[in-house]
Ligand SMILES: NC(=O)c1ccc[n+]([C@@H]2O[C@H](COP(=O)([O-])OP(=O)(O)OC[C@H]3O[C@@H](n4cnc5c(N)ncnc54)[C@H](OP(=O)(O)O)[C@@H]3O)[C@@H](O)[C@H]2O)c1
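Starting off, we have a lone chain in the form predicted on its own, written out as structure tokens.
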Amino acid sequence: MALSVAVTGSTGLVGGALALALGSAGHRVVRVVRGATAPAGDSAVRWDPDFGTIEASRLDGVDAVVHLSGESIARGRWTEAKKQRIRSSRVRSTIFLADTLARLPRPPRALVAASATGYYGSRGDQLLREESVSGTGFLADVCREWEAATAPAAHRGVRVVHLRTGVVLTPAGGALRTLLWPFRLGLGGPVGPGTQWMSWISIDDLCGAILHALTTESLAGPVNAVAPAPVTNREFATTLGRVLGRPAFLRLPAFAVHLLLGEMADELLLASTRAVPARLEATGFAFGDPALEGALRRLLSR
């Protein structure tokens, strides 16, 4: 059955890919965009969560909402001002959106809201499923508040899914695109000890997981949007080097990456998060890219 799906963050890396995937699957996409960037036509809803404005009536009756907007956590050093933007762009916008949906005469049946595996903090070798407790640190704090911000929609009876996403792999942007240049020059390698775990997912599987969450009525609450085979940082570097046909032995010491990036290095590059997609697998989701090497070869056409 074709759905009408409103998508925030539809101009971003994941949101843009999702809009295409939804359209290809026969669904109607309603882009929720900030004023000046809104395309013409009935498929756009203008909003500005910073000022509390939204064309709410145009969301009335949509089947589902996917909420992906938020300040990038990987661009720029984490100053106090940057951290405030990261938190505010997620928590405040989600509260505003959830409250808007709760007030609609015909609210959506489902809200799939972005979260992240940062919810778990750095947990060493511990295997992390959706029932695992939250960790400590800035990202864990943000993720807890981010997920709690959907409460108005849940109280209205909307089925809410918190999509705890790992590192999204796509050559179009994000971590993989950043790494391609040094690795192709033979300058790649592990970061820090290399033993820290990395939970990842290809962008195609992430879009598929979102569609699965939209159409699987039994899914609600946290869902780990990660591939079933997390890898260590060293394994990731070795595999990417092998796929590119380049050496990957140039280790970046932890003190150096911390000196360069500060707190962001500790929480993004040196943290160890070994999350698995227990609920996706339990509800029958089939991964197209279950293993890292195959995913990289497909994404990079190698």
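As the structure is a prediction and not an experimental result, all values here were calculated from the model. Residue numbers here begin at 1 and follow the sequence given.
Note that the form predicted together with the named molecule isn't included here; everything after this is about it.
Interface residue remark: residue 167 is counted as part of the site for the named molecule in the predicted complex, having a heavy atom within 4.5 Å. By the criterion of a heavy atom within 4.5 Å, residue 72 is counted among the residues contacting the named molecule in the predicted complex. Proximity of residue 146 to the named molecule in the predicted complex: non-hydrogen atoms within 4.5 Å are present.
The shortest heavy atom separation between residue 112 and the named molecule in the predicted complex exceeds 4.5 Å. With the partner omitted here, the stretch from 228 to 236, 113 to 121, 189 to 197, 213 to 221 that lies within 4.5 Å of the named molecule by heavy atoms in the predicted complex is 113 to 121.
A heavy atom within 4.5 Å of the named molecule in the predicted complex is found for one listed residue only; from 150, 89, 100, 202, this is 89. Three-residue candidate spot 241, 245 and 247; no residue lies within 4.5 angstroms of the named molecule in the predicted complex by any non-hydrogen atom. The partner is not shown here, but in the predicted complex the stretch 1 to 29 reaches within 4.5 angstroms of the named molecule through a heavy atom at 9, 10, 11, 12, 13, 14, 15.
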